[in-house]
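Shown below, as structure tokens, is a lone chain in the form predicted alone; questions about how it binds or moves come after it.
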């Protein structure tokens, strides 16, 4: 049986919630396993995700008809290559309006493509309302709430806030302290290459800190992928 093609829609209606970080982590998760992956950065003005991966990630304008054609036509190809879409907060509303107008979710399911919304939580009511609206529009759609503790900390009420989101699953991206976080900002630094061979000039403390941060994140991704495969297995239908 062919595996479903996963399309990760990484999104938030707000800036600085960790959307591009999650897109980066997902892409490196697949590259570290030598598995093909494609990405799309929908911020055509100051892309963050796209420049990190060269030919693997395309920068497109999701508000432009040519960009929409390039994006959605490719997302509907059932080739078993995971796709990662970094939805810029300024194109969030237009992106999901297009998803609705063209019937993307429904067409994807008919094509063997599995869209997965990774909705980034924050403490605002507007973010919660956005997640509820998406869940109401596509009731059978897989949604995972992402809690990036560094980009959008939820504080002491984190459990209460996350419980209100319409998602059975969540990913937690732990915060990084300053010196270790700065390693991610070094031009040309690749997390997937780091896992294979850390730079010789990197501090052993930074090296250990990055690995300790990455391991539970990649474990969450792997567990979700395995669970999705089990749910799609013929003997469980």
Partner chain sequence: MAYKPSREKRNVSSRQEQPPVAPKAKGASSGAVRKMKPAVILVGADKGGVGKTTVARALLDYLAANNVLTRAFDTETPRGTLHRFQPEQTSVVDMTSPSDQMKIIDTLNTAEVKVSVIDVRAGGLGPALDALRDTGFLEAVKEGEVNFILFHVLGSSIASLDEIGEIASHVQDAYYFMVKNHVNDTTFFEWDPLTHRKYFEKVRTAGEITIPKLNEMSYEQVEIAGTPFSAFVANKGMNGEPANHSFVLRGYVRTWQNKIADEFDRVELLDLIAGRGGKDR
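Numbering follows the first chain given and starts at 1. From a predicted model like this one, the values you see are computed outputs, not experimental measurements.
What comes next is about the form predicted in complex with its partner chain, which is not displayed.
Engineer: Based on heavy atom distances of at most 4.5 Å to its partner chain in the predicted complex, which listed stretch, 138 to 146, 155 to 163, 81 to 89, 120 to 128, is the contact stretch?
Structural biologist: Of the options, only 138 to 146 has residues within 4.5 Å of the partner.
Engineer: Does residue 168 reach its partner chain in the predicted complex if we count a contact as any heavy atom within 4.5 Å?
Structural biologist: Residue 168 lies outside the contact set for its partner chain.
Engineer: Even though the partner isn't displayed, in the predicted complex is residue 77 close enough to its partner chain, meaning a heavy atom within 4.5 Å?
Structural biologist: Answer no; every heavy atom of residue 77 is more than 4.5 Å from its partner chain in the predicted complex.
Engineer: Does the 4.5 Å heavy atom contact test between residue 107 and its partner chain in the predicted complex come out positive?
Structural biologist: Close contact exists here: in the predicted complex, residue 107 approaches its partner chain to within 4.5 Å, heavy atoms only.
Engineer: Tell me, yes or no, whether residue 102 is in contact with its partner chain in the predicted complex, where a contact means a heavy atom of each within 4.5 Å.
Structural biologist: Yes, residue 102 lies within 4.5 Å of its partner chain in the predicted complex.
Engineer: Does its partner chain come within 4.5 Å of a heavy atom in each of 180, 201 and 203 in the predicted complex?
Structural biologist: Judged in the predicted complex, none of 180, 201 and 203 sits within 4.5 Å of its partner chain.
Engineer: Can you work out which of 211, 45, 66, 33 has a heavy atom no more than 4.5 Å from its partner chain in the predicted complex?
Structural biologist: By the 4.5 Å heavy-atom cutoff, the listed residue in contact is 66.
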